[in-house]
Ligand code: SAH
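Have a look below at one chain only, the form predicted on its own, in structure tokens format.
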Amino acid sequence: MGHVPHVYVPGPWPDATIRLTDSIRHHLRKVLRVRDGSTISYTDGKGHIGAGTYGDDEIVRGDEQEVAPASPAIVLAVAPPQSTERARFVVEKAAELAVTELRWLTTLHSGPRIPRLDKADAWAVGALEQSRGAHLMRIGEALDIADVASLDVDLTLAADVGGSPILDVLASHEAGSVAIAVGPEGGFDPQELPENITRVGLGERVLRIETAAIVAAGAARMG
């Protein structure tokens, strides 16, 4: 099913066919050039995924299954990069890595404006469709580092130069949920990180925000 279009269609789906919104129909016909009678893959972004037939601006539902969320659950809190393109990169790559939730992080040295929620959601949907996922990454309200420290997760990490190697820290914990904070250019203020957040290093080089965010999320997902 590698060449079959994959589309996000919010549920619920109460009938044997799924009626599509104007924007989804436009995307399928004009962008993906899907023709009537074509096989199409679809998901509600909550783990329900199926393969059906497209026609008359609707999807005739076919074989469907439930897909379990990726483990561990990952909350990625990232200081917004300095450009829209770099922020979009963070959203798209985090979604492709099946990050559970993305939160923009406000810090003492944060400067750039936080991307609009509707834009970030659209980027996440595009990444979900491209990566053929079943779970849409949530994008929550912005928070600060104290909020990150109080999240209900098994393990809370912050990318920080001089911290313990992230892979070593992850290997020493059997965490079902992880929160990872990535600070702004130049890193966190020395007095900013709460004591109950574990500092982790991402390698010998100083990384850009978006690179650090994806390295950290990838380590948590693959480790």
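Just count from 1 along the sequence shown to find any residue number. Since we're looking at a predicted model, the values are computed, not measured.
Not on display, but discussed next: the form predicted in complex with S-adenosyl-L-homocysteine (SAH).
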- Run the contact test on Gly183, Val200 and Leu207 with a 4.5 Å heavy atom cut-off to S-adenosyl-L-homocysteine (SAH) in the model of the complex and return yes or no. yes
- Here the chain appears without its partner; judged in the model of the complex, the stretch of 169-177, 187-195, 40-48, 26-34 with heavy atoms within 4.5 Å of S-adenosyl-L-homocysteine (SAH) is 187-195
- Find out whether any non-hydrogen atom of Ala212 is located within 4.5 angstroms of S-adenosyl-L-homocysteine (SAH) in the model of the complex, and reply yes or no. yes
- Item | Non-hydrogen atom contact Val161 with S-adenosyl-L-homocysteine (SAH) in the model of the complex at 4.5 angstroms | yes
